[in-house]
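A single chain, nothing else alongside it, follows as structure tokens in the form predicted on its own.
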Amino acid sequence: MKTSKLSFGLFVAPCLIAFLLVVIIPTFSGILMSFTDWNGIDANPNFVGLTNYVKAFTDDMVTTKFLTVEFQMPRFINVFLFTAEFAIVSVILINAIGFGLALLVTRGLKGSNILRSVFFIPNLIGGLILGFLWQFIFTKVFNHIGDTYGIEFLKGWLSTTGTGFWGLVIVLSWQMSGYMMIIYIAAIQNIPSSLFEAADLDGANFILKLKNIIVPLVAQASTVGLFLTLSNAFKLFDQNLALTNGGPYLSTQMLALNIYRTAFVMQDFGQGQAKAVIFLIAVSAITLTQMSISKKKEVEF
């Protein structure tokens, strides 16, 4: 028993030490930094209390538009709302496309294995490369097609807030749908074949099987898929930097890029850390709520 406990401790200790050094200590250091006016250089920053948190919600007012109503709000809140809107649209699209692709490649079609590889490849490309690649497509290829065939819709992509928003959604959906496909494939292939055989004997068509067997029994995979896409959408940084760089007029700037610029461009690490702490709390609350709701809808089999 003593040997077993010693072996367990030796195996677990390196992971715990690494987690402590890489996650726990930097997290608490960041929280402490958020209560100072550290500029990244000064060796003796001053304690400023909650000033950085207050400034995040009051400084840099910008005009924003909700439906048809324009009003003033702090840029950080505006950035948060833009990121939340982007996350909602992206989560729905990525999971719907990933689930659709999983259904397609599990139908026993010829070339399914090749299709799985093709759909998964975008996930292997780095975010910065992906951003620059799609920037060329949106600004050059789309514009050329628009000029050649007189399609106004394809002209001027990334030059407005709307096209910038949908450009980011398209890039993230293209990158993550293949990854979600793998998760949904594992869930679909884990469904007992006896259920499909019983449905065939009852004369059920594909729609009925999808509604009554597949969708309920992939709920566990949906929980994981929603969590991953939600957290990745909120944390999006490199694609945002490469594709739009927050433009035009910072209207497509997302939370991670806003925090980076506050800390490393404006040299205000205190306020940058305060925004990061707010970001951490908000994303944790949203993802835990999503996990709790999704767990209640899971079906055991």
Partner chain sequence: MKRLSTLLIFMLALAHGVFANSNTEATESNKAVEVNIFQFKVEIADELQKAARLYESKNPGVKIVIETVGGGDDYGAALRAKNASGNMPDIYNIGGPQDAKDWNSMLEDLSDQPWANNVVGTENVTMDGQLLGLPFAVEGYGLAYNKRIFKAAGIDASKIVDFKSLEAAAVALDLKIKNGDLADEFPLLEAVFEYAAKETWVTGLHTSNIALAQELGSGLTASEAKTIDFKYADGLKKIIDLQGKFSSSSENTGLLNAVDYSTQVDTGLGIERVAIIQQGNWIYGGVKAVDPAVADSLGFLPMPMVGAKEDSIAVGVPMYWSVNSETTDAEKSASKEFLNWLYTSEEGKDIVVNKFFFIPPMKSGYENYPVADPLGRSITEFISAGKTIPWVFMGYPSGWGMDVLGVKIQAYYAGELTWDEAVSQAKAEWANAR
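Residue numbers count along the first chain shown, from 1. Basically, rigid core = biggest C-alpha set you can superpose within 1.5 Å across the two forms. Predicted, not measured: the structure shown is a model, and the values here were computed from it.
As for the form predicted in complex with its partner chain, it is not shown, yet the points below apply to it.
Contact check for residue 231: no non-hydrogen atom falls within 4.5 Å of its partner chain in the model of the complex. At a distance threshold of 4.5 angstroms between non-hydrogen atoms, residue 50 is out of contact with its partner chain in the model of the complex. Using a 4.5 angstroms limit between non-hydrogen atoms, residue 238 is distant from its partner chain in the model of the complex.
Although the partner is absent here, residue 249 is a contact residue: one of its heavy atoms lies within 4.5 angstroms of its partner chain in the model of the complex.
Only one of 182 to 190, 153 to 161, 200 to 208, 106 to 114 places residue heavy atoms within 4.5 angstroms of its partner chain in the model of the complex, namely 153 to 161. In terms of contact with its partner chain in the model of the complex, the residue from 288, 24, 16, 282 that brings a heavy atom within 4.5 Å is 16. Proximity to its partner chain in the model of the complex, defined as a heavy atom within 4.5 Å, holds among 78, 175, 135, 223 only for 135. Residues 260, 261, 264, 265, 266, 267, 269 are the members of 257 to 282 with a non-hydrogen atom no more than 4.5 angstroms from its partner chain in the model of the complex.
Residue displacement note: residue 281 has its CA displaced by under 2 Å between the shown form and the other one (rigid core superposed).
Core-superposed comparison between the shown form and the other one: CA of residue 10 displaced by 2 Å or more.
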